[in-house]
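Quick setup: one chain, the form predicted on its own, written in structure tokens, and binding and motion questions come after.
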């Protein structure tokens, strides 16, 4: 591989690993806050046991998310000096503000974990709210840099020099709103379905009607409600994202749908793979006129095809598969959550079918796969630009050689970290079971939450 491709692969591997912890780190605090609120409303200590156990998992994941995020920041400077030169002069605000967002998250997480028995219930709610907001702000601010790459604003390049810099115009670039909202909603979807996945597995492992079964069923129902809300909102935001691409990155939308010729009443291609030679999506199911409606809320909307752009500026055509994977999993998650709620709340069924549990167990990993596919689609679909129509990826990359060995070393580090995370989580929860937490709550009045008594 050439050095640019190695640099992209190394940074992509880092982000693919980091994004797992970053996404769960945004989604899980909202689940913890929801459980704490339910506890304050019902005084059912099972909800606070949920919050406590999810907090422990969050702390472990945060411990890996921080160093991997730091590695990503270092790699940005080392691997992409041309990109960081522009960012340093035009787009420093997100990085500067993100420091304070992380400070708020870490501070109030410490208060919630270590001072819970010394503060009042409303103060715990405030602490968790600020943890959730700090985690969300960190993700949104870093994502803002990504949105700037797709819709650069707040500067001009004149005779090779950056001029007329307006950091706030760059900060509030046209892609900021839709991108930030998509990141937030999809992270909350992941948080909900990670909990649903674990809860479904535990329900299968425990006897129907037992105390543990009912505890995990309660956690499952909370996650299904949250999953239904945020997966549906993510789909609506996805529609807005398609219209955004139609306006600002038309070749990316064309590649996502394998559309080569500009046309109105453009069809939506579901599945299949894009064949460059025949200029068609082979094996796809086409929905007539649907792409035009998706792009502009009208069947007569003219969607620009790839042939209107020089071939060297086409995004990789395999992003069609990534796009379908992301949308397909998102649609499945909507179906899973709503069908579970209908089965339980409307049809009043006591038990879920076993095959539904198996689907739920897969829902957590599937939500992460959708996140990975969406992130790769977003970044790869912008190629060959690192800053859209301003700076090409090859021009921004480092001139250093021998990056292959470095890539292998980082992959080994990520493997070790992954094994360590899984090992620590398994060890902790095996040593501290749900029944242990129940016993502590009953015998000691729930030590960490005595101020509720």
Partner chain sequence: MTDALLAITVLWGFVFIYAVMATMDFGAGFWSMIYLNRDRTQATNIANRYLSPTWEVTNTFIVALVVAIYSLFPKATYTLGTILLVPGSMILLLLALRSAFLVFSNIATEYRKPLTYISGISGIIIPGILISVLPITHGHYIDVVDGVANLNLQRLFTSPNEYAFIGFAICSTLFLSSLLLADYSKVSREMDAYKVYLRDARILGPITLAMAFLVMYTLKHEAAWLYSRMLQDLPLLLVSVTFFIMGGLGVFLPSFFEKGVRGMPRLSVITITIQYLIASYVYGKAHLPYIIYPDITIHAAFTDPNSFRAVFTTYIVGFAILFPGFIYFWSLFMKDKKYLRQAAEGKE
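Fair warning: this is a prediction, and the values are worked out from it, not measured in the lab. Residue numbers count along the first chain shown, from 1.
Omitted here: the form predicted together with its partner chain. The next part is about that form.
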May I ask you to choose, among 103, 299, 335, 318, the residue with a heavy atom within 4.5 Å of its partner chain in the model of the complex?
-> 103
Only hit among 178, 71, 325, 204 for heavy atom within 4.5 Å of its partner chain in the model of the complex is 71
Is residue 89 a contact residue for its partner chain in the model of the complex, using a 4.5 Å heavy atom cut-off?
-> yes
Using the partner position in the model of the complex, report whether residue 56 sits within 4.5 Å of its partner chain, counting heavy atoms only.
-> yes
At the 4.5 Å heavy atom threshold, is residue 63 in contact with its partner chain in the model of the complex?
-> yes
Any non-hydrogen atom of residue 30 within 4.5 angstroms of its partner chain in the model of the complex | no
In contact with its partner chain in the model of the complex (heavy atoms, 4.5 Å), from 406-414, 46-54, 384-392, 32-40, is stretch 406-414
For the three residues 67, 78 and 431, verify that every one has a non-hydrogen atom within 4.5 Å of its partner chain in the model of the complex; reply yes or no.
-> yes
Within 391-422, the residues that have a heavy atom no more than 4.5 Å from its partner chain in the model of the complex = 397, 398, 399, 400, 401, 402, 403, 406, 409, 410, 413, 416, 417, 420, 421
